[in-house]
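Coming up is one lone chain in structure tokens, specifically the form predicted alone.
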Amino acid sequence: MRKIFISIAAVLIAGTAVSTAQQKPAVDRAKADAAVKSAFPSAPADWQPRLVQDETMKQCSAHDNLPPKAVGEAIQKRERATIEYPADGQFMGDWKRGERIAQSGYGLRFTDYPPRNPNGGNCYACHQLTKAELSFGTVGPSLLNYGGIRKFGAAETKAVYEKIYNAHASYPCSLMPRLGSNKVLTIEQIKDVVALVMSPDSPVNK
């Protein structure tokens, strides 16, 4: 009897997979782009370019964020070239400022024009960073004790800076925003967020 149930389950699962594949509609990208543009008729002039996909976003969309190896490598190379490094060679700033940036979702919304405050990183929307904060997202991995796990290494600190500046340079088609390349955060702000993640004194690592 158990074998019969397993066989029936296998057939149902296989049938569902075939059905899903057959029912997946073809996407008319021109219509999709037109729909997105028409949804924001009053967008400020400097906001409108965000409605147009760059080459990386086009490739990620075309491959459902799972690009083949060659495409992924091309994305990484292109996005790595956009990374700007601190002029002073230091990758960590002030973790206390970094915590405020991580908590802030201000910036790039219609209600934030004209800008009246510095942009935030909205990091808690996707990550757990501190034990004290109970409201956090789970789209990204938990970063609790991130620096401690990596022994507060210099190479790891630089890698964190690069991931925050442009995550696609590390993970092609990452869901993480390109906070530096897209000018959401300044270099100094990114350094402060790096300190939040990598400083031994930060609550992330306590």
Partner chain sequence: MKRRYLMFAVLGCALVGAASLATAQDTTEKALEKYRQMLRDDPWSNPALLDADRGEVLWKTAAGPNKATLEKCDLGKGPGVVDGAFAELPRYFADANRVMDVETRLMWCMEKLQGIPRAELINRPFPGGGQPVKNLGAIATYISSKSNGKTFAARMERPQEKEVLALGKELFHRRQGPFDFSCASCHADAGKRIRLQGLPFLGQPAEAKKVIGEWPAYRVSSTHVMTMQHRLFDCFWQMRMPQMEMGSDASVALIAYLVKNAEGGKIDAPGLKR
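This is a predicted model, so every value here is computed, not measured. Positions refer to the first chain, counted from 1. Superpose the two forms; the largest set of C-alphas matching within 1.5 Å is the rigid core.
Just so it is clear, the following notes concern the form predicted together with the partner chain, a form of the same protein that is not shown.
Looking in the predicted complex, is the partner chain within 4.5 Å of a heavy atom from each of Y85, P114 and E156? No, the candidate spot makes no contact with the partner chain.
Does the partner chain come within 4.5 Å of any heavy atom of P172 in the predicted complex? Although the partner chain is absent here, P172 would touch it in the predicted complex, with heavy atoms inside 4.5 Å.
4.5 Å heavy atom contact, W47 and the partner chain in the predicted complex: Because a heavy atom of W47 falls inside 4.5 Å of the partner chain in the predicted complex, the answer is yes.
If you check in the predicted complex, is T186 within 4.5 Å of the partner chain, heavy atoms only? No, no contact at 4.5 Å.
Taking the partner chain as it sits in the predicted complex, is A74 in contact with it (heavy atom to heavy atom, 4.5 Å or less)? Outside the cut-off, so no.
Though the partner is not shown here, which residues of 30-55 have a heavy atom within 4.5 Å of the partner chain in the predicted complex? In sequence order, K31, A32, D33, A35, V36, S38, A39, F40, P41, S42, A43, W47, R50, L51, V52, Q53 come within 4.5 Å of the partner.
Using a rigid core alignment, state whether the CA of M176 is displaced by 2 Å or more between the shown form and the other one. No, the C-alpha moves less than 2 Å.
Is L144 among the residues whose Cα moves by 2 Å or more between the shown form and the other one after superposition of the rigid core? For L144, whose C-alpha is compared between the shown form and the other one after core superposition, the shift is less than 2 Å.
If you line up the core, does A43 shift 2 angstroms or more at its C-alpha between the shown form and the other one? Result for A43: yes, a 2 Å-plus shift.
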